[in-house]
Structure formats: C-alpha cells, structure tokens
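In the form predicted on its own, a lone chain appears below as structure tokens.
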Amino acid sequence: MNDLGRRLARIAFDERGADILLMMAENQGNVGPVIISKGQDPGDARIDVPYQLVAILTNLLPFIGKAKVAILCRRCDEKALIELAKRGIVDDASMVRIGLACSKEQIQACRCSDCVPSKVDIGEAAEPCPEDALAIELGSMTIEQRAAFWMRQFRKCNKCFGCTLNCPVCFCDDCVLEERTYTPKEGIPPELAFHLIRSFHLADKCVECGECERSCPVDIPLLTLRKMVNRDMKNMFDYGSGDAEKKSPLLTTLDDQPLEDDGHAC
C-alpha cells in the first residue's frame, strides 16, 4: 500500500468509521476498482484514472448489506450519490464521501463548470472550465443546422450501450432502450428515438461526469449534448442535478405531488 492508500484508509476507517472502502488501485501492473475492509492491502491507490466508482457501487449494493461504505468522490460522483439517494437507491446515511479534487487536465477534458466537492480531502481545488466550446458553437447555429449536426453524430452510433452501462445515474431495473416497442433490435445505427429517449431520461439527473463520452467508441460528443440539456433544465425549471434540497420537476405532478411508482423512478 502506498502513502495515498494509507491516507485513504485512515480517513475512511479511523476518522469516519466506515466498514469498507471503494477506491481505485494498481496491483501487479493492473489498475481497477477495489473494495477493502480495515487492515486489508488494496495495492497502490490511484486517483489519476477517472473510473466511475458510483456505477460500480450500485451493482455492489445488494451484496454489501448494511455496511457503511466509504467511496472516493469527485464532485460529479457526489452529485450522482445525491440523485441516487433522492430516489431511494442508496442510503445517504450509510455513505462516507471522501472528497477528491479533479486535476486541471481532468477539468478541461470534462469542460467542467462545477468541479469542487463539498469537502476536499485529497488533492487541491482547481478553477472550473466556464463553458463547452462545442456547445457555444452549436448555440450560434439555427435549429435546422443543429439538427443536421446531431443527425450526423447519431448516424455513427453502433448501439453498444457503453453510454448506459457506464453511467452512474442509469439505474432503471428495466431499460426502456431495450424495449423493442421504442428501439427495434434490428438496425445499426439505431433510430433517433434511442438518443431522444436517453436524453429525456437523463434530463433531470445527468451529473456531467463525461463517462458516456469516454465510453463511446465512435466519439459522439455526448457530454456536450448532456450539458446543453442540463442548461435548458436550469433555464426552464431552475433545477440542476445534484441539488439535495430540490425535487426534480420530472418526478412530480403539476400540483407538485410525487409520481407513484412501483420500482425505481427514472
């Protein structure tokens, strides 16, 4: 275990009373997520790989039980946990967040305007990136020009589902994108409904972590699309994902009553 790993273990177990710790580590030349208990050696901790730990956490929850979980959190991870807690998928009281400040390079790569976690435990806070250059360019186009741009991008899609599988806030038990009524199994690229449905489902919960864009094998600028939808949500409803105090306007009726749902609310 390197010095960073020892520091993370001390924060998680000694200072904040966690039962287990989810982090990134290098072991025998391979870097990946690890989950450890107090006293275990995970290998050498790493913070330079922007692995989506929250998406991994949601898959582990059925096996964790009532354990108090410490997780290394960038600001986008922190917002993802807030969105999951609002929908009853994680118990906020059982989460221990270890705040990780993103590097300048990571902030630029994600064009991130909200990059500092509530509490910085690891790293140093850096300046945000004020705007997405492609979003500005698209904003200066006509509606017809923007539509033509996105149609060109979506024609590259091979329906690999990388954008959904790696998204920390894609948590529906039954994914509507796999429902053949809306998105037929046959056909590459998928019909436009595939991307429109996904955009609507993420409209009130995308945390702009950039994992969809990093996962896309054909370089569709999905993060820019998410940012533009988030901007519209803010302008129309004064709502942004990761706000623990406000309810999503898409999860309530017109008279502000919660929608009834038997399972996880999308």
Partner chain sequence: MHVDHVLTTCPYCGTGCRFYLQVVDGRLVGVVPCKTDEISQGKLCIKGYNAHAFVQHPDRLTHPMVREDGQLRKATWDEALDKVVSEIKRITAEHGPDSVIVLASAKCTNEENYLFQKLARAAIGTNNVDHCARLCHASTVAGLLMSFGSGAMTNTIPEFEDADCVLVTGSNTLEAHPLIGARILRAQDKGAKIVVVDPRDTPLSRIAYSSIRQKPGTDIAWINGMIKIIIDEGLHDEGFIKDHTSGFEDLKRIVQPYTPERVEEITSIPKERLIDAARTYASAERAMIAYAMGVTQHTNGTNIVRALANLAMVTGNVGRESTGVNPLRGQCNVQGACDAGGLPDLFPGYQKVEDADARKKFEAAWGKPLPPNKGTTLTCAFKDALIGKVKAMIIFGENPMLSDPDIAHVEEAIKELEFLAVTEIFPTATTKLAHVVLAGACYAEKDGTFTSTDRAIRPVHKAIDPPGEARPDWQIACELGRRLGASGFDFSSPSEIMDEMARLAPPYGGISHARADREVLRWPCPSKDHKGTPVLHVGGFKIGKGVLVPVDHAPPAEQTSEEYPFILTTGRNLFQFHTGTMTRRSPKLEREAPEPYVEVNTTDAKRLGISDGGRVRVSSRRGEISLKARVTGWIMPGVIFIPFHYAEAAANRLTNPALDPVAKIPEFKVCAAQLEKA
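In this text, rigid core is short for the largest set of C-alphas that superpose within 1.5 Å between two forms. Given the structure is predicted, the values throughout are model-derived calculations rather than measurements. Positions refer to the first chain, counted from 1.
The same protein also exists as the form predicted in complex with its partner chain; that form is not shown, yet it is the one meant from here on.
- Under a 4.5 angstroms non-hydrogen atom cutoff, its partner chain in the predicted complex has N59 among its neighbouring residues.
- Not displayed here, its partner chain is approached by L165 to within 4.5 Å at the level of heavy atoms in the predicted complex.
- Taking the partner from elsewhere, M141 is found to have every heavy atom lying beyond 4.5 Å of its partner chain in the predicted complex.
- When contacts are judged by a 4.5 Å heavy atom cut-off, G187 counts as touching its partner chain in the predicted complex.
- Contact annotation: of the candidates E178, E137, E127, E124, the single residue with a non-hydrogen atom within 4.5 angstroms of its partner chain in the predicted complex is E178.
- Segments offered: 128 to 136, 100 to 108, 157 to 165, 86 to 94. Contacting its partner chain in the predicted complex at heavy atom distances within 4.5 Å is 157 to 165.
- Taken together, the three residues G32, F63 and P217 all come within 4.5 Å of its partner chain in the predicted complex, as judged by their closest heavy atom.
- If you fit the rigid core between the shown form and the other one, you'll see the Cα of N235 move by less than 2 angstroms.
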